[in-house]
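The chain that follows stands alone, in the form predicted on its own, written as structure tokens.
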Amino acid sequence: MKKPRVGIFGFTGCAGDQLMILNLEDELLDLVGALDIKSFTMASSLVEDDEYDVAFVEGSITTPKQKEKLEQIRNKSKLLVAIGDCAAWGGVQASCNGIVSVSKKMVEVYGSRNVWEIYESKPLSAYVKVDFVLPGCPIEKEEFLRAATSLLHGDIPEAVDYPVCVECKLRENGCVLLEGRLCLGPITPGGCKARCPSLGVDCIGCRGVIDGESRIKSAIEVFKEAGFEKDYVKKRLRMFAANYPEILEVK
């Protein structure tokens, strides 16, 4: 049986999602044995320019060259998966989009706005069709394995459709929000086993935003009733998912 052809790529980001894949350890050996990995520069300098059954892509798009490369990957791939928050929503580097201009950033960092052409940090979906999103900063190893298994059998994985709060309840945690701290668990996709609240730390939304009509607006009203200033809430929401449509609409 012919092995599925896979490419793993990275754009603007910390490469933490690719590193998480490498950290699969024993599972990685089984995964590599089941796949025909054509491109994974973090693991090997050997790169084959080929067609892909599945392309896993990390990082946001910030330059014309990256946009062109992403379009090439999309054209060669049957399925394209955005892995991590940078690929899904633009990541931390997008948190000031619409607040601080790109040219001002260039001047402050490099002393000139003409060093090279650069865009605001955007998710992959701003430029190409994305078939599935694996959230996280970084992604969870177990989620990647489940998604990879589904995709390589020709099935689109099921996205997590419940918030971190559900996992908090399952672990019998007390509610951090009720302790007077802004916890984004009500609007953050589960899958992390409520790691931070289980340690008494408020959720900072590092898995982005769970899909749902008007969920953000409703959550902001709840946070306001709990005594949190709207501007502070918006800043927290923008940290990992600044380009999420509902967050962009919040005034």
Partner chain sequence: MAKADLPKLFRTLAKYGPVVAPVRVGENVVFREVTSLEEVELEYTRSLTPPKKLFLGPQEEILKFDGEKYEEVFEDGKAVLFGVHACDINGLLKLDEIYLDSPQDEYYARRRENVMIVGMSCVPDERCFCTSTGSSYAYGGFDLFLHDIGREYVVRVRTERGYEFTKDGYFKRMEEKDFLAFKKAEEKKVRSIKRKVDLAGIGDLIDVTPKSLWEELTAKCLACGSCNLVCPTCQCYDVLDVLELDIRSGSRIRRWDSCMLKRHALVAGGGNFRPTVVERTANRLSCKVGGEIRCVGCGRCTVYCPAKIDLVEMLERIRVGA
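Here the structure is a predicted model, which means the values were calculated and not measured. Positions refer to the first chain, counted from 1.
Just so it is clear, the following notes concern the form predicted together with the partner chain, a form of the same protein that is not shown.
Contact annotation: D30 falls within 4.5 Å of the partner chain in the predicted bound form, judged by heavy atom distances. Of the heavy atoms in V81, none are within 4.5 Å of the partner chain in the predicted bound form. Using a 4.5 Å cutoff between non-hydrogen atoms, R215 counts as a contact of the partner chain in the predicted bound form. E225 belongs to the set of residues with a heavy atom inside 4.5 Å of the partner chain in the predicted bound form. Contact with the partner chain in the predicted bound form, defined as a heavy atom within 4.5 Å, is made by all three of R146, T149 and L152. Along 172-189, these residues reach a heavy atom to within 4.5 Å of the partner chain in the predicted bound form: E172, N173, G174, C175, L177, L178, E179, P186.
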